[in-house]
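What follows is a single chain, given as structure tokens, in the form predicted alone.
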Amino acid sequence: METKQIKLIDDSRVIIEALARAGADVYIGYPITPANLLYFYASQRFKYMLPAPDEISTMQYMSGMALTGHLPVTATSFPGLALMVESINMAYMMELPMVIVLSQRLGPATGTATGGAQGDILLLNGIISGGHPLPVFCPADILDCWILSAKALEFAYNCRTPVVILTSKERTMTSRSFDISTLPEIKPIEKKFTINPNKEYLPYEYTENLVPPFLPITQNTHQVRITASTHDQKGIIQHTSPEAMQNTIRLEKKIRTHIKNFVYFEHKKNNSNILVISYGISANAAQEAMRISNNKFDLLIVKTLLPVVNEIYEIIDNYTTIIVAEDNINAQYAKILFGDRLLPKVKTVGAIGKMLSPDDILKTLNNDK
């Protein structure tokens, strides 16, 4: 008992602390519910804090800081994300590392700022023009917030890409008691900007690991050319030349290749032929439903949410009945997994205007028998 450190904390504080310890050094943002606590904690914790006049400016500031070698973070909700979409695409094409924490609220549009939901999944799955994958990690508990936040920043840095940490109002604005002594150590990212001074620098070089070497624009050794338009390895704008098209293909391949080393999920097995799939706050309801039902089903909590990794389908293939539980009424993640025409073995359970409850899941489970 002497080693325990029980604290009353929320996910917002844990996410911000984990990102800071992992090496994120600047927070840029515009306050918006339910991401306000992330904004507040970052103002106390980060080395640099830059308030922005709006979300479009936020992403432009983020890109500028990333170009100078910083690792920037922001947090928003759907209305802010909607304004950020073009600039997220810009940063994706420029290959700039950054983390965006998305705290979901009830929509459409501005919806209910203090009502939770899981309604932005389909948007994130297609947010990059051309359908290219954007990495999305989704914590289901406080330990996830700690570990996945650090891993999200690591992925962003290693792969030179924007990354989303997906959460929701119920997680970012709800306090919970937790023993912080159980949190593992987070080692900060070691930034390396080593380039051969006698060799021409290619800002978008097609390397073996598909990630071009990065040089901040603040150094004076090489010219650094950055562009958000279709370009070749030198960063020179081109249209549909073979080299430019190969570069765009590389962006797709880069994410899908490196996400294989960042696969996170929790598979709880009870020798059942029924699998409940959930994520984020809804996973908590699914865990409680499992307890109430005396382990009548197996549970898969997905944490590497996008792009969908093969390991998820390999698990799904072993079951005759699938129930996807999420806080929306249009089965968004289920449609990402299975398409609009769901397989006969796939059932969905959702909610709107309230949190998905364990009873909602158990009713769907019992109706399927």
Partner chain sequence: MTNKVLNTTELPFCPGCGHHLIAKNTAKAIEELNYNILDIIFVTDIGCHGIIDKTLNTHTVHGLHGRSVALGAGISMGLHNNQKKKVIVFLGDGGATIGLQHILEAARLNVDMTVIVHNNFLYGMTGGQLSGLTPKGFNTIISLNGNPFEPHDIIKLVNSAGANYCSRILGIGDFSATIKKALSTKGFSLIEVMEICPSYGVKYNPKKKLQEIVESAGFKLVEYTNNREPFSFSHYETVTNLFDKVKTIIPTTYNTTLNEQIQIVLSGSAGEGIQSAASILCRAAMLQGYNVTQKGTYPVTVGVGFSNAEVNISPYEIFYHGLYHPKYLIVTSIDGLEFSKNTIKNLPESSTLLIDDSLELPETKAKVIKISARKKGEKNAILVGLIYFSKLFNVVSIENLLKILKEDVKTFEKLPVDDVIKEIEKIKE
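Nothing here was measured: the structure is a model prediction, and the numbers come from that model. Residue numbers count along the first chain shown, from 1.
Note that the form predicted together with the partner chain isn't included here; everything after this is about it.
The partner chain in the predicted bound form comes within 4.5 Å of no heavy atom belonging to residue 335. Shown alone here, residue 60 lies within 4.5 Å of the partner chain in the predicted bound form, counting heavy atoms only. At the 4.5 Å threshold, heavy atoms of residue 343 stay clear of the partner chain in the predicted bound form, well away from it. Under a 4.5 angstroms non-hydrogen atom cutoff, the partner chain in the predicted bound form has residue 46 among its neighbouring residues.
Residues with any non-hydrogen atom within 4.5 angstroms of the partner chain in the predicted bound form fall in just one of 147-155, 246-254, 205-213, 231-239: 231-239. Relative to the partner chain in the predicted bound form, residues 64, 223 and 287 are all within 4.5 Å by at least one heavy atom. With the partner removed from view, the residue among 129, 295, 273, 175 that has a non-hydrogen atom within 4.5 Å of the partner chain in the predicted bound form turns out to be 175. Comment: the partner chain is not present in this chain, but in the predicted bound form one of 159, 277, 281, 164 has a heavy atom within 4.5 Å of it, namely 281. Contacts to the partner chain in the predicted bound form (heavy atom within 4.5 Å) from stretch 81-98: 86, 87, 90, 94.
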